[in-house]
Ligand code: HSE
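Next up is one chain by itself, shown in structure tokens, the form predicted on its own.
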């Protein structure tokens, strides 16, 4: 029986991964071993079967005895562990949520509903490193892979609206705390019908600019505001998060020639789920029903929301997709620039298809091969 090690299972992505594996009955047919960086010898998580005490995540000898390592521990752990483990001659499968190895030639970015063919070729070629993609890139491709593969798309501009959870659990807590402080400071101004809009706004702005406002994690206010910068600066005025849109999407689909993808990434006050406004330049005038058919062909989880006010308000929001595998796209319509320019808006749970779900499915694919 194959032995599978799990590292970083307590964190946000790792917790969602275990939750999904338990829900799908995945903990069977292999021997799970859980690793830790801080509680060696402790009790493993409850997964419906017996597992040994927690092992040391830095123990290369213990890791070398595994057939598969599934890591949600982060890039620093991957950097410190992956190379030395391979140097020992370990030939197991490394399945990782971190970005560290994504762009290496000997690694494949996994999103099997849209690139199963790429994954299968990589496995046949002896690739052993399988890396989850950037969350917004994966969510975009879940609805746009069909039109791209059909040769309809010339380029895409993606303007993202990324939830606080994309920055981590502490950032989620800070967002809620910011909301609490705004409510506390507003007091009866937020509930008194006689309150004027300017008085309430003045109170909120004063609170947002106060030295006592909690901004340790984000650095600036997010509640009642937004942050139009995510990740580090790279070349050409982009952030690294924006750079990933092009390079990762084209690698995931193994596109040649490449489809240019660019835009801006913005952090917003949503708790969970990332959204994106897309401008899609088509290679020809594609009627919206034909484009919708290509979107549906992307995979079974791509769902189209009619471009109508009630359906859009009800179904095309983070609230409706949180905790589900559906990735929704709506507001589809031709733009004034010409019928070969189409606008769209997408939303999906970045903790699922953008993080944990591709790892879960890759593990199943590997074990079943």
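Predicted model only: the values in this text are computed from it and were never measured. Numbering follows the first chain given and starts at 1.
Beyond the structure shown, there is the form predicted in complex with ligand HSE, which is absent from this document and is the topic of what follows.
Judged by heavy atoms within 4.5 Å of ligand HSE in the predicted complex, the contact stretch among the candidates 209-217, 251-259, 104-112, 159-167 is 159-167. The closest non-hydrogen atom of residue 141 lies beyond 4.5 Å of ligand HSE in the predicted complex. With a 4.5 Å cutoff on heavy atoms, residue 247 does not count as touching ligand HSE in the predicted complex; it lies far away. When contacts are judged by a 4.5 Å heavy atom cut-off, residue 242 does not count as touching ligand HSE in the predicted complex. Although the partner is absent from this view, residue 134 contacts ligand HSE in the predicted complex, with a non-hydrogen atom inside 4.5 angstroms. A heavy atom within 4.5 Å of ligand HSE in the predicted complex is found for exactly one of 277, 230, 127, 293: 230.
Applying a 4.5 Å heavy atom cutoff to ligand HSE in the predicted complex picks out 350 as the lone residue from 342-366.
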